[in-house]
Structures are given as structure tokens and as C-alpha cells.
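Here we start with a single chain on its own, the form predicted alone, put down as C-alpha cells.
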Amino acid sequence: MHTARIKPTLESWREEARALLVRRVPPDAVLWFDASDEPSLFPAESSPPPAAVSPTPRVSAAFMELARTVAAHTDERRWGLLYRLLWRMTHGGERALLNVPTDADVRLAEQWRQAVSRAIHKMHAFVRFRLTGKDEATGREQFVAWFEPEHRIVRLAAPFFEKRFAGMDWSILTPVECAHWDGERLHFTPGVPPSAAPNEDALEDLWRTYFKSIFNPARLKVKMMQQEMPKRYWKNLPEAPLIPELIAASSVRVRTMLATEGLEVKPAPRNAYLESLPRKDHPEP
């Protein structure tokens, strides 16, 4: 039995898997461990057991894309699953394996990919930056956010923030890994405890005021809201303390809205520029 102790990254798994594949070490002869885990009862081997050596097989871009997402899942079986899929598609001759959704390995990999994709979506939605200062040299504002992702998704989610908040310096701190953007370079550092993150800033009062103003009690669906905004994320959302109060007051607010007469619709103010534009229903001669 070969013990493969790797860093919990796709790159580390890929390097080890390639070496095992070349030596034709079957999946059921490999035990996979994250190097960050507690020491194993099984010491790591410096090299796989002797076996026939074969050229490095090539795999599809679709598999690498699947592996990139599945590698971010926290289930400790993910490395073994990915290697088993890799083995079957190469030495096993099942090159179209990913096109068989009923296969147990493919189905599990897809379930984990969907779980990771959902976690990325939640991170994009629920990261809340706090203003911590301004860089005197560049004049750029600096923001820090604390987030507790369900999976190891920081590297997969960070490009979204790089593109959306390119004009400010920011750091997203998590227990597993942290992402940092300085206007030129996106880089990553090890995870930190919650105490490393700021608790609150002056902008949060503005954000809570805005959230309260856009809350529409007539469209409230509590179960749907909690499905889209799971309570596990509430502790890091500055607007979350308002939610119970807004829900409790929603019925009264709806009745008040229904009892209030509608306001008279006023015509839009005249605008010389808009009036100068040709209208589709009255084209110029």
C-alpha cells in the first residue's frame, strides 16, 4: 500500500497522481492524506512500489476543470475519488467516463462540484468589507473582510473580487486561507483566527440604513430568504441583526401599505436633451 501525503491543493495532488499513474499504481493501492492533517499511522513513502512504467497519459480539459472544483471540497475522500476517475479514464480505457452521469464516481464528483459552486456563490454574496484606512502613498482605501467558507474556495472565489473591487486594496481573511489585492497583484497567505479581522467600521451604519430602506415586507418569504441566506452566514453580516425585527414588523407594514392611498403620478420633468432625441414611433423625415 502506498501512502500519498500531499498539500491540500490541486497542484500537489496532480504532481503525486502523475507519478503514480506513470508507475501504474492502482487506486485501491493508494492511501491519500492531506499534509495539514494529524500525523498518520502510515508513514509516507518516498516513492511508489515498483511497477511497470508507462508514458504520462493525457486527460481531457473537462476532467481538469472538474478536478479543479472537486479539489476545493473538504471531504477527505476527494483525492482518492479524483485518482480513481483518472485511473479509469486512462489505464482503465473509459475515456468517455465523465459522460456517464449514472456512474457512482461521476455522480459523487458532480455532487461535490455543485456543493463547491454553491459555496463560491455564497462567498460572492456574503463577504462584507470593512474600511480600515487609506494608503498614504497611493491614496487607495483599504478594506478587510472576514468570511468562513464551507469549503476551500478562497482561490476559486477571489478573481470575482479582484474584478469587482479593482479600485481598492482589500483582504479577505478566512480560517483556511486569506486573499489579498493591492491594485496590481492577487496573492494568498495562510488562514488566520477571527480575532485578526476588524469588528466594525463607520460604513456599516450606512449599509444597515440602506438594507432597511430596500427591505420590502410585501415580498417577504422567510423560508426562501433563509434558503438563499443560510443562518450560518448571519454572524458575519452587519445587516443580520435587523432581519428578525424587519420580519416581525412586516405584517403591520403590509397592512399600512394597503390602507394608504396611492400617490398621484406626476409627469416626468421636461428634459431638453431627451426631447431632442428622435423617437422610434416618430422618426425624423
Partner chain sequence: MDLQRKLEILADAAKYDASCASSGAARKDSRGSQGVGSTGGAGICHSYAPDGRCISLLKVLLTNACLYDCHYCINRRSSNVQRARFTPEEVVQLTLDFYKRNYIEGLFLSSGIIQSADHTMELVIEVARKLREEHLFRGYIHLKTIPEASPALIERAGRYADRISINIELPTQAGLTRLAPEKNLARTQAAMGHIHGKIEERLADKRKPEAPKPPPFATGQSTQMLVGADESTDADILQRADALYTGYRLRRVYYSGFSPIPEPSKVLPIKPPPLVREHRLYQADWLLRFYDFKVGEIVTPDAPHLDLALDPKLSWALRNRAQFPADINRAPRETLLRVPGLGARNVDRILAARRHCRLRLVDLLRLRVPMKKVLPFIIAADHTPAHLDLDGDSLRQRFLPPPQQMELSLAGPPPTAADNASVLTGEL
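Residue numbers count along the first chain shown, from 1. As the structure is a prediction and not an experimental result, all values here were calculated from the model. C-alpha atoms forming the largest set that superposes within 1.5 Å between two forms make up the rigid core.
Omitted from view is the form predicted in complex with its partner chain, to which the following refers.
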**Q.** Non-hydrogen atom within 4.5 angstroms of its partner chain in the model of the complex for each of 204, 213 and 266
**A.** yes
Q | Heavy atom within 4.5 Å of its partner chain in the model of the complex - the one residue of 229, 31, 66, 59 that qualifies | A | 229
**Q.** Contact residue in the model of the complex, chosen from 176, 186, 100, 196 - any heavy atom within 4.5 Å of its partner chain
**A.** 100
Q: May I ask you to check whether residue 255 falls inside a 4.5 Å heavy atom distance of its partner chain in the model of the complex?
A: yes
Q.
So, residue 135 and its partner chain: in the model of the complex, are they within 4.5 Å at any heavy atom pair?
A. no
Q. Contact between residue 140 and its partner chain in the model of the complex at 4.5 Å, heavy atoms?
A. yes
Q.
Although the partner isn't part of this model, could you tell me whether residue 167 comes within 4.5 Å of its partner chain in the model of the complex, counting any heavy atom of the residue?
A. yes
Q.
If contact means a heavy atom within 4.5 Å, which one of 188-196, 82-90, 69-77, 109-117 is the stretch that engages its partner chain in the model of the complex?
A. 109-117
**Q.** Rigid core superposed: residue 250 CA moves 2 Å or more between the shown form and the other one
**A.** yes
Q) After superposition on the rigid core, does the Cα atom of residue 117 shift by at least 2 Å between the shown form and the other one? A) no
Q: Answer yes if the CA of residue 236 moves 2 Å or more between the shown form and the other one after aligning the rigid core, and no otherwise.
A: no
